[in-house]
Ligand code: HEC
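This document starts with one chain, in the form predicted alone, laid out as structure tokens.
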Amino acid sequence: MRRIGWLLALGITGVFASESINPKYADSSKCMPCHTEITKSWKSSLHAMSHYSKNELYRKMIHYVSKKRIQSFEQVEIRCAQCHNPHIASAVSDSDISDASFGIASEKMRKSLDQPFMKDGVNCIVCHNIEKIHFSDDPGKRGKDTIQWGPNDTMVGPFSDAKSPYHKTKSADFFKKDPNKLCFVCHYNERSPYRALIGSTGIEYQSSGSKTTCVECHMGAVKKGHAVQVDLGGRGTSGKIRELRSHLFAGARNSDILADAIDLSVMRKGQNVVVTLKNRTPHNVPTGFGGRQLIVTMKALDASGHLIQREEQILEARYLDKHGRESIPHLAKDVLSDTRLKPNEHRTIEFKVPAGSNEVIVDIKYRLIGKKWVEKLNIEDEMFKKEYPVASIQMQIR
């Protein structure tokens, strides 16, 4: 009974299959020769970095959570992998999962979690092997628990006439008619083990009433081109001109998507500067992973250009653990505060301008995780230490 209880707590009992993935279709290196442009753009995305071996923040978060919850690394990874590596069911068996729930991880299991298709992250055979989506707003049913895989020699996409000599093909309506349905398999909502809401992009989107789909921003405008970069002759449909979107999955670190996210304006009001922000997106900014921050900075300069004063406000979600201490999202029991911009929100922030100021500069920047947690988790990857520019305005003080 105790073993069953642990499995139920993990939310993974009875859902793992023993079917393995055919190496012929397992990772993106098999797709690259034909789908060269699509694969190259995907490689810059966080989808391609969703395995702990390629993402320092994710790896160190797993270690931190496993230490705090007295669980094995593998036990925490299996829970997270339901979205980070949804084909995990093809990598580990029911007995492996059961052992992990007791902190027992065999060398075989560790090797399984490092198989090529697992290390490849949310790769081609994840999104393009989904045959059906059984959407649920239950945060306990995300990732692999809301989808039905097709045979792993069959690639599913938007084109009903696609033909390939390398793999079977099938079309699915959700790629064109309702692409959000695919995104919300993982990006709808998420709760911590203590049931605190720590991710809600899909819920935020629905509250906005927007009709703009996720792919219109994160995969860009439709462009005409070839999905296949080699000539397959009569054996395939490589010569057809298709309506395609980029597979960059644009974010702060691999695109200029932030430039269109927020409108910034500044005006003088007595001794203050009033900064107005307008969120142009149909979700919170920041959204997704709860450690992200938006930093609004005001710098006052004298007539010689020397800095007189610097002030900032950080827009973020903050969390408390079960002991009432500030926490990373994945150990949160309660939300301490949430000052992120809501969908389509206008917000004003006032900064006092010191005497002797000749000019003010207002900057907005974005962090993938706050400085405090960069230091606490000992993050070294510059990708997570960098501040990404969003918008900037200079104004003379008269």
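All values reported here derive from a predicted model rather than from experimental measurement. One-based numbering along the sequence shown.
There is another form of the same protein, the form predicted in complex with this ligand; it is not shown, and what comes next is about it.
- Every residue in the set Ser164, Thr212 and Ile257 has a non-hydrogen atom no more than 4.5 Å from this ligand in the predicted bound form.
- Only one of 184-192, 266-274, 314-322, 295-303 places residue heavy atoms within 4.5 angstroms of this ligand in the predicted bound form, namely 184-192.
- Although the partner is absent from this view, Val360 stays clear of this ligand in the predicted bound form, with no non-hydrogen atom inside 4.5 angstroms.
- Using a 4.5 angstroms threshold between heavy atoms, Tyr366 counts as touching this ligand in the predicted bound form.
- The closest non-hydrogen atom of Ser93 lies beyond 4.5 Å of this ligand in the predicted bound form.
- Residue contact with this ligand in the predicted bound form: Tyr58 places a heavy atom within 4.5 Å of it.
- This chain is displayed alone, yet in the predicted bound form one of Ala196, Ala227, Leu113, Ala89 has a heavy atom within 4.5 Å of this ligand; that residue is Ala227.
- For the partner-free chain shown, Cys34, His35, Ile38, Thr39, Trp42, Leu46, His47, Met49, Ser50, Asn55, Leu57, Tyr58, Met61, Ile62 of 32-62 come within 4.5 angstroms of this ligand in the predicted bound form, judged by any non-hydrogen atom.
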